[in-house]
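Shown below, as structure tokens, is a lone chain in the form predicted alone; questions about how it binds or moves come after it.
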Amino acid sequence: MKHIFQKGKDSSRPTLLLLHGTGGNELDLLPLAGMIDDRASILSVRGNVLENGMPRFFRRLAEGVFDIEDLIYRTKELNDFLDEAAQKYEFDRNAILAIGYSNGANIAASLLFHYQNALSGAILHHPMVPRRGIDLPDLSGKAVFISAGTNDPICPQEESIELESLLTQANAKVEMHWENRGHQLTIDEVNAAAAWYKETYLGGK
């Protein structure tokens, strides 16, 4: 998978896995990573699927309707890539924190839904429920931050609330942050995610 890896100044911190939204690329979320933790290593990945020339992490059949077969395939592809990248770049495979926006948040949520040890946690900006009707792995010890917009036309409030519920039932520790906005990623929610990260991963430092 096309990607960027930047070795951080502190190897004890999680590697930040950056997953862009539809039409984005591996450069999009680099500024976000610096705001969350400027000492952590970064692995930023470009989605392998094109929709009208726009990179995505998996196909969809229509707005908000996922191609589940492709989602399962691409989730495995990304999980396998993380295994390879951890070996190649010598970072801790068990300490990967995903930071995803929109389509990137959905593939990050899918990793949590399908693979117990894919991620140590996630920051999900404007995610949807990736799959329904499956048993999630035990996500004890996983920390997840979800930010969503109360007026998001692409990701209705019910999606984020249901995702929070499903992850919580799987024993993940979930924090929900609401913005009175639409689908755009705001500086306020990034700041809220950074505060959550410092409290959760750095003991409030």
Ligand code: MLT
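What you see is a predicted model, and the numbers here were worked out from it, not measured in a lab. The first residue of the sequence shown is number 1, and the count goes up from there.
There is also a form predicted in complex with D-malate; it is not shown, and the following applies to it.
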| Judged by heavy atoms and a 4.5 Å cut-off, are 15, 17 and 41 together in contact with D-malate in the predicted bound form? | no
| request: Go through 25-33, 143-151, 51-59, 164-172 and give me the stretch that gets within 4.5 Å of D-malate in the predicted bound form, heavy atoms only. | output: 51-59
| said: Please determine whether residue 128 contacts D-malate in the predicted bound form, using a 4.5 Å cut-off between heavy atoms. | reply: yes
| Though only this chain appears here, would residue 110 touch D-malate in the predicted bound form if you measure heavy atom gaps against 4.5 Å? | no
| Taking heavy atoms and a 4.5 Å cut-off, does residue 75 contact D-malate in the predicted bound form? | no
| request: Within 4.5 Å of D-malate in the predicted bound form, which residues of 81-116 have a heavy atom? Give them in sequence order, or say none. | output: 102, 103, 106
